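Single chain ahead, by itself, as C-alpha cells, in the form predicted alone.
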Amino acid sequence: MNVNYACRSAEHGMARRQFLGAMAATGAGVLSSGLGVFARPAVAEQLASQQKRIVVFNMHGGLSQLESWDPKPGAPTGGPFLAIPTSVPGIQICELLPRTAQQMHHLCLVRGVNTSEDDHGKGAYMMMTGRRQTPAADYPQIGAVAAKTLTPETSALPGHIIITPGGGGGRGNDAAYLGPKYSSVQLGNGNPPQNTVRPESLSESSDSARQGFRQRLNERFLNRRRTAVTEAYTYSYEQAQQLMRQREIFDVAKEPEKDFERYGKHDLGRHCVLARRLLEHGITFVQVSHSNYDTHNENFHFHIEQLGEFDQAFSSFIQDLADRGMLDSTLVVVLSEFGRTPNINQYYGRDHWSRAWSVCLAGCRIPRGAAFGKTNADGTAVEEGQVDHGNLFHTYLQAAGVDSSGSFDIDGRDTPIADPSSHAVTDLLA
C-alpha cells in the first residue's frame, strides 16, 4: 500500500562461562565433531524449557490509540468508530479490532504511555532502546539485548530477526556496542537468509572433507593457543554450518495452507506465520513490521484497511501461541514510536502525539486480561499509571526473565543493560 500523506521525515539458557567450561570438559572432540552434541534430544529439550522469547509488532509511523486500544466514542476527539466489548468484562477496544477483542483475556493494555517525543526517529529510538538518543552514546535495540541475554551460546540460529517487506537476509546496524553477532538479520517474503546454500560447484563430499580439514587444523591450533577470541572465531564457523543444515526453518512455505487462510494472504499474515515458525524453532527475538501508520491525512479510512490486516493476523497469532502452550515463555509487544493526536486536523487526519498513548502486551509474566493506566475523557493526558520508554524497556526484560538492573561486560567495563535511572513497572509483572 502506497502512503503519500505521511510527514516524510528522514527516519520515516547456558551462560558463556558454562559453555566454555563444557567445551573444556568435553575437549577437542566437540570442535572436531561440530555442534552436533548440542542437538542431542536431552540437551535440546533442557535448553528449550529454559529459554524465553520476545516478539515485537512494530507499527511504524504511529498507530492511533483512539482507533485501537483506547477508544473515546462520543468525545469530540473520538472519531467515528465505536468501542466494543472484549472477552474481559469491563475492557473495551475499538470496533476495528473485533477478533483481537476476543483474545483480550490473553492481553494487557498499557494505556498511560507518555514519552514526550513527537519526532519519528527519536521516538522510535526511545521505544526500541529504552533511552533517549544522544550524540554521546549509541545503545542496542531490544532485539540485540534479547539475543545477548536470552539466546543460548550453543544456538546455531541467529537470535535477532526482523521480518519486513523486502527484507533480503542482510544484517542490520542495531546492536551498538554488543557487536555484529547480535545485530538483526532482516527477512521478508518467506525467504531464508542469504548465502546459506552450498554452491552447486562444490559436492557434499568435498564440502565435508573441507570442513573436516578445517576442524582438525582448529583442534591443533587450539591445543597450543586457546583464547576467547580464537574460540569465538572457531565457534562462528560451526554455527554457520549448523545454520545451513537448518535452513528450512526460515521457509514459511513449510507451514500448512490453512494457516495462511486464517492469518490472511497478505504480507503481514505471511510474516506472522513465519514469526510463529521461528519462535517454535528456538529463535529468541522476532520483530514483525507493519506500516505506515503516519496518518496525517485520511486517518480513519487508513485504519479501516490497515487494522483489518492486523486484526486477522495478530488475533490468530495470539490464539496459536496460547493453544500451543507458548505464551508462558513468549513475551508479545505491540508498539509504535508514538500515538496520534486526539484532535482531528482539517484533512481528517491525526498528527503525532506522544503524551498519552498505548502499548499492548501479552505472555511471560505480563498479567492476562488487564488494562493498566488511564487517560482522560478526551484522551489528551494520562490520569493514572503513567509510564515511559525506560519503564517499558525494563518491564519487557523483567517479564522475559532478564535482570534489567544488571550490566554487560563491554571490554572490561560494566555497561548497564537498561537505563539505570529508570525501573520496571511492578504492576505489569505478575
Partner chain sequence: MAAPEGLDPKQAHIVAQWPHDRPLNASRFDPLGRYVFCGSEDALVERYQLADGARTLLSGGHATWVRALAFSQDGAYVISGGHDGKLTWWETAAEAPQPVRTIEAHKGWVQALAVSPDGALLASAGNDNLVRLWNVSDGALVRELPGHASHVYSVAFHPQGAFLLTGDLMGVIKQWDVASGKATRTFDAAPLHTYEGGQQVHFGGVRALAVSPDGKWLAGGGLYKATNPLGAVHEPLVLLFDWESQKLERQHIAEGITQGVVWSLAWLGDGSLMGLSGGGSGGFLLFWKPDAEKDYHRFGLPNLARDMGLHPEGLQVATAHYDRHVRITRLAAKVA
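Residue numbers count along the first chain shown, from 1. For clarity, every value in this text was computed on a predicted model and none was experimentally measured.
Keep in mind that the form predicted in complex with the partner chain is not shown, yet the notes after this line are about it.
Stretch-level contact analysis of 214 to 222, 124 to 132, 199 to 207, 285 to 293 against the partner chain in the model of the complex, using heavy atoms and a 4.5 Å limit, identifies 285 to 293. Shown without its partner, this chain lists 244, 249, 176, 75 as candidates; in the model of the complex, only 75 has a non-hydrogen atom within 4.5 angstroms of the partner chain. In terms of contact with the partner chain in the model of the complex, the residue from 322, 88, 344, 84 that brings a heavy atom within 4.5 Å is 344. Interface residue remark: residue 257 is not counted as part of the site for the partner chain in the model of the complex, having no heavy atom within 4.5 Å.
The closest non-hydrogen atom of residue 301 lies within 4.5 Å of the partner chain in the model of the complex. Under a 4.5 angstroms non-hydrogen atom cutoff, the partner chain in the model of the complex has residue 79 among its neighbouring residues. In the model of the complex, the partner chain stays beyond 4.5 Å of every heavy atom belonging to residue 328.
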